[in-house]
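Quick heads-up: it's one chain on its own, the form predicted alone, in structure tokens.
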């Protein structure tokens, strides 16, 4: 039984029984108390007439006394029944009002409405578990990309915040614990349009529970999980979680890229950032001796990157584990000048403020810069609320966990081909990365480009598929022409063509497209929109391929082809 109906019936059971009892008593009394007809003879009332009289009396219609005038005894009984029924109705209405304020009933109503909204979704969507800082960034980016999503969060204030945000799409959200399978089912993880689940809560055991549940309920869809604890990561990996995102490890890799291959680091940042945002102009970190404040999970990844690059470091931590004393250890926080001076801040090339306290990190960075104005600062920002403070400080590199996770999620969702391109890019030299950066800079300027894939098949690109099936020679260059003025190129760069599983990196524009090709592009959002028009609209596709504007409708298009064929034959 529906939980709303069940709760309603349970709460209203007593007042309804009282009302039924009052009316049953009234009907019985009217049947037992005889009336008198015009001749003075006794005239008993039937059960039907008694029920009919009390029904229209209760509805305040008031047809009068029937089947004839009542005796005083009957009228007295009717007065008693009316007062009793007023008490019964008052009790029922009071209980009903109390029910609307009952938390369990409101949860049942909200959950029922949420289920109906999810079931009515007719477009592909993702389930986002956790609407904290990371979940908010992911949802806003998905909304900008016109990708629908459903949100579960245990904190009602976050759900209320989502309801107030002006998303373009209908964002269904529910205050519920994502660890519970019934809540994930309510969010539609087992429905056909669900494309994947993102477990982004701050509780990593909850993310683990989400991953297990989804793998059991719908193993066909991918799961993206946030995890920083090694044991949680290992557990997720043991049953085949599709993507485990550890922001500390990712930052360690980014930092090593910045040290070892600055141009590649810039390229990765450019392609994995949130589209449309200004590209951060970070200077590459210098080589030399570093100071690392905070040796938790983040600090270990940073020190690992320094060791991989052959750099020495001095660690400042209140209590690092014994085996790590080989790195050069000072006990403390690093927020005071004495500890930093003892660590050699005067001749260090850089410092990492990597504790889990934003104010402590800012204190470390400001003290270090006061002691050594030339020092390069890498700082960890834990809360988005402190963004203004970090911007005002202006560190060399600012590590924000929420943004790293959001960037990774969006890249994996929007363009799986991008991961393959970046994997290839990591094997290239700096000159190659510099040339790609220059092409993207020329195309999109100082903003992070949109990255998208075009799949040449009837489902995703019907116009391209029809043109290829008709023998049309479609090249990459045609996908870069403006659909209303083919003399103008679109602001986009082809990065990769995947053909029969084999990648073609930075393909030539004259490369003919083939059925089932997948092409990775980077460019402006406007170029992406116009290119989608070419891929789906036969008129736009014909124009960029042949320079002729074909009429709409297959009849007119067939006539136009016949005329063109006849004209060619007459000239031939």
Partner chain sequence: MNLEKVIFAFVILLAATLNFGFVYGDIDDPAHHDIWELFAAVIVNLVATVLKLGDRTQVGAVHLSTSLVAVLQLTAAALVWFFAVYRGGQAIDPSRMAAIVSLSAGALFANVVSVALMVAETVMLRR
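Superpose the two forms; the largest set of C-alphas matching within 1.5 Å is the rigid core. Computed from a predicted structure; not experimentally measured. Numbering follows the first chain given and starts at 1.
Another form exists, predicted together with the partner chain; not displayed. Remarks below refer to it.
Student: Determine whether any heavy atom of residue 548 comes within 4.5 Å of a heavy atom of the partner chain in the predicted bound form, and answer yes or no.
Tutor: Although the partner chain is absent here, residue 548 would stay clear of it in the predicted bound form, with no heavy atoms inside 4.5 Å.
Student: Spell out, yes or no, whether the shortest heavy atom distance between residue 28 and the partner chain in the predicted bound form is within 4.5 Å.
Tutor: Residue-level check for residue 28: yes, a contact with the partner chain.
Student: Residue 539: heavy atom within 4.5 Å of the partner chain in the predicted bound form?
Tutor: No - in the predicted bound form, heavy atoms of residue 539 and the partner chain never come within 4.5 Å of each other.
Student: May I ask you to state whether residue 55 is within 4.5 Å of the partner chain in the predicted bound form, using heavy atom distances?
Tutor: Judged by the heavy-atom cut-off of 4.5 Å, residue 55 is well away from the partner chain in the predicted bound form.
Student: Give me the residue from 514, 504, 69, 32 that has a heavy atom within 4.5 Å of the partner chain in the predicted bound form.
Tutor: Checking each option against the partner chain in the predicted bound form, the one that comes within 4.5 Å is 32.
Student: For the chain shown here without its partner, which stretch in 523 to 531, 43 to 51, 539 to 547, 56 to 64 has non-hydrogen atoms within 4.5 angstroms of the partner chain in the predicted bound form?
Tutor: Heavy-atom contact with the partner occurs in 43 to 51.
Student: Considering only 7 to 24, what residues come within 4.5 Å of the partner chain in the predicted bound form, judged by heavy atoms?
Tutor: 9, 10, 13, 16, 17, 20, 24 sit within 4.5 Å of the partner.
Student: Against the rigid core, is the Cα displacement of residue 66 between this form and the one not shown at least 2 Å?
Tutor: Indeed, residue 66 is displaced by 2 Å or more.
Student: State yes or no: after fitting on the rigid core, is the Cα displacement of residue 30 between this form and the one not shown at least 2 Å?
Tutor: The answer is yes; the displacement is at least 2 Å.
Student: With a threshold of 2 Å on the C-alpha, tell me if residue 376 counts as moved between this form and the one not shown once the core is superposed.
Tutor: No, the C-alpha moves less than 2 Å.
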